[in-house]
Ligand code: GDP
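Single chain ahead, by itself, as structure tokens, in the form predicted alone.
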């Protein structure tokens, strides 16, 4: 059985914790898209970790952690990340890397930095991890697959060809030093030595695992609103963030995905530029940011302050629909315990009309939030394990949002650790 764990919004929803939690009863966890540009924060008995490429199942010895073909593979960062968790007494994880995954090249990171510099005030707010240049090259068919590292003749010829192309841009557009083909080839030889122990035909491995009845988790990066087709284009990432892409990015049939857990925060947060209708500013934003998450709302990769806002029913309903949600995991609910009342964005006013349908970017940028205020519960809810024991106003908040979403909230996270979870039977579950 295959289960996908994905984000409803801009990312930063708490997918890492949900994956870490669900991995307890799984066999394999697969990262199927994205790169090291975003992080998943995990809190468990080993401590607090920010994972960037490793799947969030690496803390269990029974799990095989898989880097799928859809991932932007930064080999040195993967090696550093493995080393960083082993140094903290986590048993060495079993890791497989798809021979069809493509490699983030050193020049991808440079081009990402150079382009953000060139754009200046019109930049995309990139993490400068090389992701957009990587995917540009992948679809221009000048990317490097892991398998190509092991064919010296092909590798050498391709390095020469690609360097000639990249050096034109470096010289004439960015006015930066050129790439020396011999040095790049030497770097790739180092990459080959690093990654060789992990490489396999991931699609064949997963096919056999499913025939044996194994449980596979697909772990997505970011969320619906960062999808290049269905998100807030152009302020999006460069690979599909939807559960449907999990089949492609892992190399399995789409009909194998039986459960799609879409993760929503109890409020909104985002890293990077782009439309964010329910965004807060000033002291109100700083208070929520300071209290948020585990140690505050700051990017797991960049460390920069996340933008924060109230829960957005319009964006979240849209996000859940595009993901094909079977279950909603509602996270960081405990953070809101300091509020006497909690605004919820229930609609967008655009050109004088109110809509509950998420619009295209040009209309989204003119949208103003329509808020409805709900009474807060004004107390600490960490440690509660049964839904019925939550304060009345807290349950009302959950049920109000569930009704607006139209998708069942079956998991509620009320703290940072994997034990801080409440399972809930939803009346909507029967309708899905």
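If you're wondering where the values come from, they're calculated on a predicted model, not measured in any experiment. Numbering follows the first chain given and starts at 1.
Beyond the structure shown, there is the form predicted in complex with this ligand, which is absent from this document and is the topic of what follows.
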If contact means a heavy atom within 4.5 Å, which one of 91-99, 152-160, 333-341, 70-78 is the stretch that engages this ligand in the model of the complex? 333-341
With the partner left out of view, is residue 410 within 4.5 angstroms of this ligand in the model of the complex by any non-hydrogen atom? no
Would residue 306 show up as a contact with this ligand in the model of the complex if we use heavy atoms at 4.5 Å? yes
Give a yes or no for residue 382: in the model of the complex, does one of its heavy atoms lie within 4.5 Å of a heavy atom belonging to this ligand? yes
Are any of the heavy atoms in residue 20 no more than 4.5 Å from a heavy atom of this ligand in the model of the complex? no
Though this ligand is not shown, can you say which of 43, 370, 26, 401 has a heavy atom within 4.5 Å of it in the model of the complex? 43
Which residues, if any, of 401-425 lie within 4.5 Å of this ligand in the model of the complex when only heavy atoms count? 413, 414, 415, 416
